[in-house]
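The form predicted on its own is given below as one chain in structure tokens.
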Amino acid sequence: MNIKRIALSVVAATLFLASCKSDTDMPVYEPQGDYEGGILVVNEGPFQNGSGTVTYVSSDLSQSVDGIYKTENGTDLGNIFQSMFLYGTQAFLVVNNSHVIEVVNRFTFVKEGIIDENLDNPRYAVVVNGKLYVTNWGDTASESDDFIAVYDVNTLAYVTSISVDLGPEKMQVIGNKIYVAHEGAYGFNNKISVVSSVTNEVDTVIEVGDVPNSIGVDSAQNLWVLCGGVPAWTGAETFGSLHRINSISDEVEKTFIFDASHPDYLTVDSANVLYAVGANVYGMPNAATELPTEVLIETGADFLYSLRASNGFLFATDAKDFSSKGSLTIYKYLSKEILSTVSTGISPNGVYFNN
């Protein structure tokens, strides 16, 4: 087992420093690092060459700084930077083509460790009950070796692997359940696996529409799954669908069918469900009985590459031509007001809040 951990040479300062001058002096908050607060953007980097990067955007949206991993560690992150998961004081950076997970302090971005075994084309990570779960495609030439790797989140020690259906991608945790969307890797799938974090076994498999590309949970603890459908170039095109699943019974309660379109980038903000078709964003309440017909926001993106909604704000990334710098635009989505557009690295595919 080749698990490396890097000891930091400097002891972290205490968060609150109280002066002894008088009883009326207020404690002073000491920031935990240069990147505390604000927004972190995952940039895949150039496909099959070069390195992914992390862009930091300040809380006031006035500046963006790309390449913070290399700035703090002196080395490139790797290729392709697929996703990030924030837990405690750490960030787990999942690097797909390099088959590693880099572990950094989320506030300083100084490297603290690495997981580089028992991974094969890793995609996304979540943490539940003290364990880190990572979806893996396995050998992309095989349709039967996909799995979820499990690690102790504190020691990074490998625990086990869970065999799952083709193309496991994004995950959503509800209680002790992990819902895994099977988009299909380089093929196509239509399944949601329900994994128990207690037994580390697949409890059940839910069938949804073709190519479930994104997943989320609303304020009523409903699981939402957006399916893009099989693309036209296959010669066997199917269109998109949206499913609301009861997370207690694990049954599909409602299905919405799209008319001749391939939706993507589902994001759930409390009782609001948003998604994109092309460069346009649509939204509806979680109690809706039919899909919206009017566009909520026309982003005008050259290539809309991710959406993240939170507290009435919408964060949309544009990959542009996938070879030059992308951008992040922030909206108040109900009023359709644009707050700011900032520069990112190449192919920005995800937005994370570093609070």
Partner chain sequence: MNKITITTFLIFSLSTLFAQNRGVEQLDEVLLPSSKLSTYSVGFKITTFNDSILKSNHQSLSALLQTASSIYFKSYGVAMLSSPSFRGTGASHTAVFWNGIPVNSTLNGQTDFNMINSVSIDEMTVRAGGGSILFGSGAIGGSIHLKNKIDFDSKTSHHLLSSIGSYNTYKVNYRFKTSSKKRFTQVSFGRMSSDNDYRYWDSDVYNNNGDFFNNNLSAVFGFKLNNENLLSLFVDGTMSERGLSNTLTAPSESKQDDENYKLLLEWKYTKDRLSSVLKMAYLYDQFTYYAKRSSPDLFSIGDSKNSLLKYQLDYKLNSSLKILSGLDLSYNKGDGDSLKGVTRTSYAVYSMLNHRISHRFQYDVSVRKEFSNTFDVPFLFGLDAAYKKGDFVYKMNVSKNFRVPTFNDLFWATLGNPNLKPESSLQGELGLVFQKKGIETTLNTFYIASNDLIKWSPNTTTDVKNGAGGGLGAWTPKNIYKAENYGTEIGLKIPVNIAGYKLTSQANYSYTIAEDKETKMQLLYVPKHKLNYKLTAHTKQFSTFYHLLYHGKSFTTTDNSVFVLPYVLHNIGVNYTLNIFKKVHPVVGLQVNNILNKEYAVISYRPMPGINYQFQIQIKI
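Numbering follows the first chain given and starts at 1. Everything numeric here is computed off the predicted structure, so don't read it as measured data.
Only in words, not in the display: the form predicted in complex with the partner chain, which the text now covers.
When you look in the predicted complex, the only residue of 152, 201, 120, 251 with a non-hydrogen atom within 4.5 Å of the partner chain is 120. Screening 170, 99, 191, 111 for any heavy atom within 4.5 Å of the partner chain in the predicted complex leaves a single hit, 99.
Each of 51, 233 and 322 is positioned with at least one heavy atom within 4.5 Å of the partner chain in the predicted complex.
Using a 4.5 angstroms threshold between heavy atoms, residue 156 stays clear of the partner chain in the predicted complex.
For residue 279, a non-hydrogen atom is located within 4.5 Å of the partner chain in the predicted complex, even though that partner is not displayed. Taking the partner from elsewhere, residue 291 is found to have every heavy atom lying beyond 4.5 Å of the partner chain in the predicted complex. The partner chain is not drawn, but in the predicted complex it has a heavy atom within 4.5 Å of residue 302.
Considering the partner chain in the predicted complex, the lone stretch of 156 to 164, 82 to 90, 239 to 247, 225 to 233 in range is 225 to 233 [heavy atom distance within 4.5 Å].
Taking a 4.5 Å heavy atom cutoff to the partner chain in the predicted complex, the one contacting residue in 336 to 351 is 346.
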